[in-house]
Ligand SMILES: Cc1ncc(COP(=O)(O)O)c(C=O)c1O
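Here we start with a single chain on its own, the form predicted alone, put down as structure tokens.
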Amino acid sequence: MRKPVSRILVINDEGVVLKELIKGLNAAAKSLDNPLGIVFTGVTTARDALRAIEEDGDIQSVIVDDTLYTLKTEGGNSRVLQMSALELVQRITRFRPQLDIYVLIAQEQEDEVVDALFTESVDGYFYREERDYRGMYRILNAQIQERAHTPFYDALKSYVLMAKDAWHTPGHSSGDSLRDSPWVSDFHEFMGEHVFDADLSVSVPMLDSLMDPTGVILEAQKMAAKAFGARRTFFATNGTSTGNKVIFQTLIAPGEKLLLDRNCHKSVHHGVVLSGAHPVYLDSSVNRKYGIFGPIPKKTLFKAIEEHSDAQALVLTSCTYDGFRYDLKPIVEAAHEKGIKVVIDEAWYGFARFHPAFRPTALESGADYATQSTHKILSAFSQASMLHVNDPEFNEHIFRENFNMHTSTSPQYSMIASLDVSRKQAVMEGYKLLSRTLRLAQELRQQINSTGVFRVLELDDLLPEEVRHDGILLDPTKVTVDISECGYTVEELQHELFERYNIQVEKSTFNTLSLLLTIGTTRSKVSRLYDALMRIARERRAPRRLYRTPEIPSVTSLKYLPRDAFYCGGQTLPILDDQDRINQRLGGRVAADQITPYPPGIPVLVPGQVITMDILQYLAGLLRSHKRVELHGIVYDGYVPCMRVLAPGDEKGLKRLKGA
């Protein structure tokens, strides 16, 4: 197993003093226990320090001399202040907030320096005169070990190694039911012994309770909150989908307004039904050339905030599946002026805190809540997610009741451990890994463009016209490739990549492929993808006419609350009649279900929405298309596609929305 390297950077402008400090500290590191590979290095200027912090991802801590001067080479021994310790600490913190920062001070100036740096991210102080190298090393080592500590994972591993006899759930009893079975022992062998050893019951007190954490889970969540810049963090073992629903039920009472992007994850729409919210749907911008949905225009958001100042919350997705990042700060400020809470679905952007190229995060922009799919973009297991809270009016009791309403009483402990470990990795080496990912993303873009057939779409290509001046940015780890010149349909190309080159991509539109780079992306994977695309490009196939998916109609009016409509019995009507024509009886009726074509995964109908002929024509076009499109929410009566709508009797008992 590879050993970590932890570099500690010392910044002192006097070369002789710096040399003595580095020598003494490295001698202490060699003579004392050093499991984290601590080594000390030094620079004499603030500029060199900032360059080292940018270039060296193994730097874990910084020691800053509180008097950084540069000796003038001309005109005698006068000294010029390089940069105050306060300014340097602030710049280091802005760039890499995970680093531990210590300050070297003179004892007689202690009060002055400590007061100046009191509100900054300083972890401690050392007296310049003491030269207690072993004491300094012990403190620095302990601080790094504290950040690298994984309280829940350590407790889980410790318990598993105790090898206790299990007289409790789960039924496989640490894998004993599988291990010697002639029928299923291969599953035990394939999954590995510790998968079953670590699959434990809530009957084990030392592993704490996800529903009421007071021990190692609580400690792990506190460490995650510090790492991600939140006041509070909660672990979820059934995905960000649940996190979104929990937040809505906490913030919104039945009938209260929620402003939301129509182009949001379906869990948001499900949360509307569960919470009883009155949704105000906001249409996204659309890049029609590539079939990609962009952010909501700022002017639309500001208008909605002004017109619906009685809304309880605003929900946005940033970054989106395709990598669009909102300029969040002015939007959050406008919402807060009206007392509207801001919830950001950061499912695809949970790594952003750990590299300056991706910041500011939603929380840094002032959002009250952020949900993150840690499993999508860091090293957690699937379904493992985090909910971050910065709401100053956070009602923990109501939140906990809603959280426990959705959380299993038998959570998968391996998922919780993976969240703990993912936080550790992000804090200890996230900057280094993300720097590598950014380099690989740049290389991949150049390589794909060099094929002469495939082309990576940049922000200017992807941005819809109506949001070009809204400060939108693009996450470079989301790579969208124009495939229209390659001679394959998108389905044929995906099949070719999978069958011939063993490559599986993230998603597609009718003329693009989306590639997701993560901290797990390697140069070998990049090379194999480039090789595959170059080989396909060299086939020189003539471009094909690609089928363009019909554009989703704009949102129509809501007649009833989605929850009220969903829980009606309703009636099921066919979308097409016996002659394959649109069923005219559906026009003007009210949907009881959410109907979502995938791709792109955006609801064309939600419960309580009035059905128009434009919507019916859109659905009929998808149903008749040779290109298979999943239509979630469609009910099949044999081979006949139907939809559930409110019956006349249902509507008599429902309260119409104002203006409907």
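The first residue of the sequence shown is number 1, and the count goes up from there. The model shown is predicted, which means the values in this text are computed figures rather than measured ones.
Keep in mind that the form predicted together with this ligand is missing from the display, and what follows is about it.
In short, of 166 to 174, 432 to 440, 232 to 240, 357 to 365 it is 232 to 240 that has heavy atoms within 4.5 Å of this ligand in the predicted bound form. Contact between W348 and this ligand in the predicted bound form is found at the 4.5 Å heavy atom cutoff. Using a 4.5 Å cutoff between non-hydrogen atoms, H375 counts as a contact of this ligand in the predicted bound form. In the predicted bound form, this ligand sits within 4.5 Å of a heavy atom belonging to H265.
A residue is said to contact a partner when one of its heavy atoms sits within 4.5 Å of a partner heavy atom; T317 meets this definition for this ligand in the predicted bound form.
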